[in-house]
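Given as structure tokens, the chain that follows is alone and in the form predicted on its own.
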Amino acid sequence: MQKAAIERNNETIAAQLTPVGRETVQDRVYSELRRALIGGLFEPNQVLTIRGLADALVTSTMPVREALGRLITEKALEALPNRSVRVPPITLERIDDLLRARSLIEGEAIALAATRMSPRQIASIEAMLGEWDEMRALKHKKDIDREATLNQSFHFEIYRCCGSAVLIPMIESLWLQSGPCIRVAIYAFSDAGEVDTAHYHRRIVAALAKQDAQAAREALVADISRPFAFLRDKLQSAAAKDQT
């Protein structure tokens, strides 16, 4: 009798709760694809198939299909007629649009953070610069994945101090859309021996340490504008060659 009562109780609970198995897998798939896009692990114009991603993630096609639908809605991916998707290609219009939006929104976030960051929080982002120096001191081939991770951690450590729950998801969406573009620029800067990103980050830290919101905004815009300017020049040069 007691067993029957327990079973009835379990049935009542089950009727009140929503199953989480498939949703949990879908969320994990979405989070992993989102991480890959923000980190630039997929290249602009790269075609992705549901089956290929399911095999890579060792899961079924259903959670992959649902995750891709969310990412298409967020403008991080584009749907193709053959049921595959692609990473949006780099165009002048897209570069300018992303840079304009990131400068406005991330510029506001860092300006707000400048007056809110504690000495401990400043020390935290300074420690990230130390990690950057250690990475640069290594003699083997530069770790692009590590650089991308440090760059993201540095920026979001600051943005989380802005005090706005509205701005953070907007910034995450912009990084989701611009990640593949930034990855292309990181490789190019490495090959060309360009000035290290840490140089720009140090300017940001110096402004934040002084609680100078305007200087922090200007340093940030200089930092995030650099890869977009490079990509713009690259596209314009390619277009000029095609016309000759």
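Only a predicted model underlies this, so the values are computations on that prediction, with no experimental measurement involved. All residue numbers are counted from 1 along the displayed sequence.
Below, we refer to the form predicted together with another copy of the chain, which is not included among the displayed structures.
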Any chance Glu108 has a heavy atom within 4.5 Å of another copy of the chain in the model of the complex?
-> yes
With the cut-off set at 4.5 Å between non-hydrogen atoms, does Met170 touch another copy of the chain in the model of the complex?
-> yes
4.5 Å heavy atom contact, Gly69 and another copy of the chain in the model of the complex | yes
Answer yes if any heavy atom of Met62 is within 4.5 Å of a heavy atom of another copy of the chain in the model of the complex; otherwise answer no.
-> yes
Just give me the single entry in Ala114, Ile125, Leu98, Ala76 that has a non-hydrogen atom within 4.5 angstroms of another copy of the chain in the model of the complex.
-> Leu98
Partner-free chain; cross-checking another copy of the chain in the model of the complex, the single residue of Cys161, Val85, Ile90, Leu174 with a heavy atom within 4.5 Å is Leu174
For the spot marked by Val47, Gly130 and Ser225, is every residue within 4.5 Å of another copy of the chain in the model of the complex through some heavy atom?
-> no
